[in-house]
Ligand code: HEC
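There is one chain below, alone, in structure tokens, taken in the form predicted on its own.
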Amino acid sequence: MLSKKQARTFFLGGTMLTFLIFIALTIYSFSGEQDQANTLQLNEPIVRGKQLWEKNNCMGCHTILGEGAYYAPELTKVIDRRGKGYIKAVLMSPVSWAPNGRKMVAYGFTDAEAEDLIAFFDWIDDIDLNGFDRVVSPLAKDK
């Protein structure tokens, strides 16, 4: 059994060791080699696509990287799953689109807007997901 002084020393030593490990891992996580968000590849079309995503409240129905609503399919790896041509056709469609009984608003994006959104989706697709090939919303699966 430890004395009161030994127990205090053991506790403080363990706390300090754990704290130092935490700080070291935090510094390692924020180092340049660990950047998985491919921020260096950001360009104007990607930024405009993100702005369109926000302006049209796409996250009100869709999710990206697991964030958003679960009404419509997850769009994290949508370029890999569907291809750019399919996505562009959906984005530029002049009529509402209702796959699997879930209605997508007909935004009727211009060619340039559709290309910007595709650039944004393509940039999202290139984010390193640490081995998770596909993030799927539990309620709305892409078929």
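Between two forms, the rigid core is the largest collection of C-alphas that superpose within 1.5 Å. Just count from 1 along the sequence shown to find any residue number. From a predicted model like this one, the values you see are computed outputs, not experimental measurements.
The next section is about a form of this same protein that is not shown, the form predicted in complex with heme C.
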At 4.5 angstroms, heavy atoms only, are Leu75, Val78 and Val90 all close to heme C in the predicted bound form?
yes
Considering heme C in the predicted bound form, which of Ser29, Thr110, Thr39, Asn100 comes within 4.5 Å of it through any heavy atom?
Asn100
Can His62 be called a contact residue for heme C in the predicted bound form at 4.5 Å between heavy atoms?
yes
Hey, in the predicted bound form, does Ile46 get a heavy atom within 4.5 angstroms of heme C?
no
Quick one: is Phe121 in contact with heme C in the predicted bound form, heavy atoms, 4.5 Å cut-off?
yes
If we define contact as a non-hydrogen atom of the residue within 4.5 angstroms of the partner, is Tyr70 a contact of heme C in the predicted bound form?
no
Can you name the residues of 11-27 that have a non-hydrogen atom within 4.5 angstroms of heme C in the predicted bound form?
none
Look at Tyr86 and decide if its Cα position differs by 2 Å or more between the shown form and the other one after superposing on the rigid core.
no
Rigid core superposed: Pro99 CA moves 2 Å or more between the shown form and the other one:
yes
